[in-house]
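First, one chain by itself in structure tokens, the form predicted alone.
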């Protein structure tokens, strides 16, 4: 696919909708672009759309998105001022009866979709990035990044843009113990607050 001269989020959305760079587009309902202001101070990068995101065409609108919204508010941020996107733009899944269950993107799919994330970074030019989980970190850095060892550390892309790594909110949904889930949520909110504090003027 030749690289188009994309200079706006609108143009990026339109180009992503036509993407066939990897096989994931064939089974997804649609590409799910990032959402947020053009000059967002902070960009949050997740793994990929989930079932609800794939159906609605918007990032983080399912259960993990509701947790993310709570954490964003708890960190003193406003979601309308943050750009939220994913490393992979199509929903990868497997069928179990009538249910579509999430499957983690592989390295090839992550690398093929990095083209879009790189364009998004050039267009938005955020002052900082939060990588939500291992897939997002892998996409941003082009190599595996240990999530737990990287928390509360300020990493940086090649151009110097600060990157903070934390867990993906969906990880908390899999925790059955309520006390542990609350503790992990407080830690997650703290990670977002830490990133925001380091980007303050």
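Note that the structure is a prediction, hence the values are computed from the model and not measured. Residue numbers count along the first chain shown, from 1.
What comes next is about the form predicted together with ligand URA, which is not displayed.
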- Looking at the partner-bound form in the predicted complex, is residue 50 within 4.5 Å of ligand URA by any heavy atom? yes
- May I ask you to state whether residue 138 is within 4.5 Å of ligand URA in the predicted complex, using heavy atom distances? no
- Message: Is residue 164 part of the interface with ligand URA in the predicted complex - any heavy atom within 4.5 Å?
- Response: no
- Answer yes if any heavy atom of residue 134 is within 4.5 Å of a heavy atom of ligand URA in the predicted complex; otherwise answer no. no
- Message: Which residue, 40, 64, 28, 145, is the contact with ligand URA in the predicted complex, using a 4.5 Å heavy atom cutoff?
- Response: 64
- Item | ligand URA in the predicted complex - contacting residues of 82-114, heavy atom within 4.5 Å | 86
